[in-house]
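Encoded as structure tokens, the following chain is the form predicted on its own, with no partner shown.
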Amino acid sequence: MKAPRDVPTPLLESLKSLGLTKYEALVYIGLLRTAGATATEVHEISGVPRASVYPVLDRLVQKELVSVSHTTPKRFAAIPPDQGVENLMRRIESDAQSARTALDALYREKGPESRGDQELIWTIYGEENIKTRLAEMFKSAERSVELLATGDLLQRSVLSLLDPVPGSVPVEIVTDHWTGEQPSRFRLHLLPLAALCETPFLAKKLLPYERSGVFLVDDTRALLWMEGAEGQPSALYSESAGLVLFVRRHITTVMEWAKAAVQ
């Protein structure tokens, strides 16, 4: 049997990031270097203490990284790396989904009165982060989705995010222009850009930018999307009663103008 060989630290760290302990990583790497080994031989090729070898092998079998023979003595062999890493990733994804479900249940158990962040306004940076928050808002909509957005922002970045909105939830859209066929799924209104920014605050925040918008879901969650001077978007998001009421009043005013414009 080969004597233990040094294992590159970056490789050990990569395996740790996939959920392996140091001993598990050393044993798996040791087995990859041989056609199969007994527990005693695993100790010799990996450098893992003899008393720890069997528990480590048991865990690696559970993680689908090692197979074991039904001979006496038992012999252990490494699952090929492609399959082994795929098995690890599948376990990680399963564990992450379970954790997400459990944490979400805990979060939703809190009533509005116990949620300290209800009165906070959060700043979100980067288009992908903003789109992720918007997608969450739209997907969880129960009563209404309303948005005022420039045509460029709406068609290039937002429209596809509306697909998961439940069919029973009305979607009202006001924009300054639209290119192509108008979607029948939504109520679409066209107004000049200045009309979308009726209040001084929104005019200051949104008018200078070609890509900007105001979004309100269920009258409980509001998001203001603004394009930065260097083209880097940012957004303000809140569930606070104050900002939601402000956005509610603004959207109501603009919607009234939009409906009056078609009469």
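Here, rigid core means the biggest group of C-alpha atoms that superpose within 1.5 Å across both forms. Since the model is a prediction, treat every value here as computed from it, not as a measurement. Just count from 1 along the sequence shown to find any residue number.
FYI, the form predicted together with another copy of the chain isn't displayed, but the following is about it.
- prompt: in the model of the complex, which of 181 to 189, 143 to 151, 157 to 165, 85 to 93 comes within 4.5 Å of another copy of the chain (heavy atoms)?
  reply: Result of the contact check: 85 to 93.
- prompt: With a 4.5 Å heavy atom cut-off, would you call Thr21 a contact of another copy of the chain in the model of the complex?
  reply: No, Thr21 stays farther than 4.5 Å from another copy of the chain in the model of the complex.
- prompt: Can you check whether Ser69 is within 4.5 Å of another copy of the chain in the model of the complex, heavy atom basis?
  reply: Because a heavy atom of Ser69 falls inside 4.5 Å of another copy of the chain in the model of the complex, the answer is yes.
- prompt: Is there a non-hydrogen atom of Arg59 within 4.5 angstroms of a non-hydrogen atom of another copy of the chain in the model of the complex?
  reply: Arg59: no, not in contact with another copy of the chain in the model of the complex.
query: Is there any non-hydrogen atom of Thr252 lying within 4.5 Å of another copy of the chain in the model of the complex?
result: Judged by the heavy-atom cut-off of 4.5 Å, Thr252 is well away from another copy of the chain in the model of the complex.
message: Heavy atom within 4.5 Å of another copy of the chain in the model of the complex: which residues of 10 to 43 meet that condition, in order?
response: The stretch touches the partner through Leu11, Ser14, Leu15, Ser17, Leu18, Tyr28, Ile29, Leu32, Arg33, Thr34, Ala35, Gly36.
field: Core fit, then Leu20 C-alpha moves 2 Å or more between this form and the one not shown
entry: Yes; that C-alpha moves by at least 2 Å between this form and the one not shown.
task: Look at Leu65 and decide if its Cα position differs by 2 Å or more between this form and the one not shown after superposing on the rigid core.
output: Result for Leu65: yes, a 2 Å-plus shift.
task: Please check if Arg185 moves between this form and the one not shown, taking a CA shift of 2 Å or more relative to the superposed core as movement.
output: Stays below the 2 Å threshold, so no.
message: Closer or farther: how do the Cα atoms of Tyr125 and Ala96 compare in the model of the complex versus the shown form, where the change is at least 3 Å?
response: It is closer: the C-alpha separation of Tyr125 and Ala96 falls by at least 3 Å in the model of the complex.
field: Sense of CA distance change between Met137 and Glu93 in the model of the complex, threshold 3 Å
entry: Compared with this form, Met137 and Glu93 lie farther apart in the model of the complex.
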